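A single chain, nothing else alongside it, follows as structure tokens in the form predicted on its own.
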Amino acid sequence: MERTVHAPARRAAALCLCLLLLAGCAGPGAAQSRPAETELFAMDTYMHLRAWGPEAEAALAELSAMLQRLDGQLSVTDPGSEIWAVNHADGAPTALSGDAFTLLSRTLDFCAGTRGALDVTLYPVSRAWGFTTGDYRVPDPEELARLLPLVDCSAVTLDADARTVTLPPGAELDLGAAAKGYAGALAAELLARRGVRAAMLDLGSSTICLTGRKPDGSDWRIAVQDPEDPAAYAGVIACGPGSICTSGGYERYFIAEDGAVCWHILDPSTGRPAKAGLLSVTVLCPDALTGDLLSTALFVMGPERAADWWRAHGGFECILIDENRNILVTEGAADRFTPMGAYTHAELTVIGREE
């Protein structure tokens, strides 16, 4: 029998640890200005929102309502959601709200550029492994062979005028790799409208969005979890406004009968857990949606393809931890990342623009 690791509890623990680290690094300026704070459960995770300023409390109330609304629209398991309606339309066009259509359109464009590293039509395969239901199991090869032909984001048809989406019969969408990032991008716009100049939004520890700098004017310091020890850190990033998005096999996994670790990040080309040599990927990016999508795609790509993607596209920085516990950091983040814990003396390689 497979042994289940309860991912929500692990994520909650990681969230608390990250918040403790941030509180410990708050500085004297932050102490003079207490933040507005709120917590909520949305998008299958616990979120902790903090903001400073006269409009902070009202902004967080508006933001909390927005997160709950998006959760209701984008959930793959809620029978009342728009994505559920798309997945059960039997190939008929389905109308979407503006947010759902925009998110799906942007995500499909991104998927098309990854050459198979990310595909939002992977849901039938992910469900077969039990990662969306909690009924964990290893699908047999014949089952995967039947499901893999359904994984093809190029077969999704969007009609921008009618704002509809059409899937081939049997195909299903899952926007889990993008929903929190999209919420973070909308949150940045909302906070700007409200005049909030400093905010830290922890949308479940894997997606952290920062507005401005800390109230004392210093950099934020965000912990990167040790992918092999949920109670420890691999390092700390000093950063300004933007997003920090992390994907790792430790977030949700189970142990198969043969002792294999089966994590939730699947390779769309095989339908099996992505084992390309990485344990975690952390992306620093101005746009949270791009950061969320990148962290998953780069994990599937593996270290060499991830480095090549960064060189070819730019616009972000990343920290990769490989299966040998080595750290690879793109040159733009090298002076902002400090290894710690078990990684204090790990081999650290700076990825440069030239190979």
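Counting begins at 1, following the sequence as shown. Everything numeric in this text was worked out from a predicted model, so none of it was measured.
The following text describes the form predicted together with a small molecule, which does not appear among the structures shown.
Trainee: Can you check 83-91, 223-231, 175-183, 193-201 and let me know which stretch has heavy atoms within 4.5 Å of the small molecule in the model of the complex?
Mentor: This holds for exactly one stretch, 175-183.
Trainee: Find the only residue in Leu266, Leu167, Leu278, Cys153 having a heavy atom within 4.5 Å of the small molecule in the model of the complex.
Mentor: Of the candidates Leu266, Leu167, Leu278, Cys153, Leu266 is the one lying within 4.5 Å of the small molecule in the model of the complex.
Trainee: Heavy atom within 4.5 Å of the small molecule in the model of the complex: which of Cys209, Ala128, Leu96, Ala117 fits that? Just give me the one.
Mentor: It is Ala117 that has a heavy atom within 4.5 Å of the partner.
Trainee: Do Leu103 and the small molecule share at least one heavy atom pair within 4.5 Å in the model of the complex?
Mentor: The answer is no: Leu103 has no heavy atom within 4.5 Å of the small molecule.
Trainee: I'd like to check something about Ala188: if you look in the model of the complex, is any of its heavy atoms closer than or equal to 4.5 Å to a heavy atom of the small molecule?
Mentor: No - in the model of the complex, heavy atoms of Ala188 and the small molecule never come within 4.5 Å of each other.
Trainee: Classify Leu122 as contacting or not contacting the small molecule in the model of the complex by the rule of any non-hydrogen atom within 4.5 angstroms, answering yes or no.
Mentor: Output for Leu122 is yes: heavy atoms within 4.5 Å of the small molecule.
Trainee: In the model of the complex, is there a heavy atom of the small molecule that lies within 4.5 Å of any heavy atom of Ser247, even though the partner is absent here?
Mentor: It does: once the small molecule is placed as it appears in the model of the complex, Ser247 has a heavy atom within 4.5 Å of it.
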